[in-house]
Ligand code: FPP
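Below sits a lone chain in structure tokens, taken as the form predicted on its own.
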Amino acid sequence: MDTMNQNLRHIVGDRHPMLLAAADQIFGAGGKKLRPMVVLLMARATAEMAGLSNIVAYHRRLAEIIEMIHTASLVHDDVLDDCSTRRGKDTVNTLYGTRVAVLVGDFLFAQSSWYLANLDNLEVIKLISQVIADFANGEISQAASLFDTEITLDTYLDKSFYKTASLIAASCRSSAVFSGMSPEVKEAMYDYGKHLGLAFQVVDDILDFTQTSEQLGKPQGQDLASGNLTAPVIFALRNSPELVRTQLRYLHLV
């Protein structure tokens, strides 16, 4: 993980001072690094199953690619949501403006695609490329359902898959691919990543209501304020008395 963090902070080289400063701010802001950690843990588990003495270089590069893709999606999310803080620090759009933030996100997506192509594994390239398309699908689905008080749990889970679980699922399966696992094991790894990602998103949405902005490292209640109705709100709308449900439905009009 230490090696990965160092590699990520130097990923843009010295192409442009502002881009370098923005990248350093992003990758130096901390964060859980959950996704690359899952990649490396899955790599170790499947490598042991395959009788390998250690994980391979492709596993390590995959972890870097996954974190780059995730970070690129966060940079674009912050632009779309006009978010001012992330991981307890100012966002790129706050520091450098929307134009630079969009370009930084685009650069990270492009750079991750370049590294992905250099893995020379068509199965993994297809898996991770689909994830980038899923991000856009999830954003479009979210934009289409803002302030929709009739949104169903199934719709919420579909959107959560595209925005969160797809990346984790594909990265778990890709780790198994580089360990030479059977189709059955690869499918099991994908399912594990999918369900882990969905559970992670539900917990994250709950914390948005139960923790402070300082604890979250970003504004509390940002989703609700922007009209993105998450699992806690959906359950409240379905399981509260009619008077409460009516108040919730019209809250955004106040």
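Numbers for residues come from their place in the sequence shown, where the first is 1. All figures in this text were calculated on a predicted structure; none of them were measured in a lab.
Although not depicted, the form predicted in complex with the named molecule is the subject of the following passage.
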item: Residue contact check: Leu95 to the named molecule in the predicted complex, 4.5 Å heavy atom; value: no
item: Non-hydrogen atom contact His59 with the named molecule in the predicted complex at 4.5 angstroms; value: no
item: Distance check, Leu153 to the named molecule in the predicted complex, heavy atom within 4.5 Å; value: no
item: Distance check, Leu103 to the named molecule in the predicted complex, heavy atom within 4.5 Å; value: no
item: In the predicted complex, the one of Ala110, Ala117, Ala143, Ala136 near the named molecule [non-hydrogen atom within 4.5 angstroms]; value: Ala136
item: The single option of Leu127, Met181, Ala169, Leu74 touching the named molecule in the predicted complex, heavy atom within 4.5 Å; value: Leu74
item: Stretch from 169-177, 144-152, 117-125, 76-84 whose residues place a heavy atom within 4.5 Å of the named molecule in the predicted complex; value: 76-84
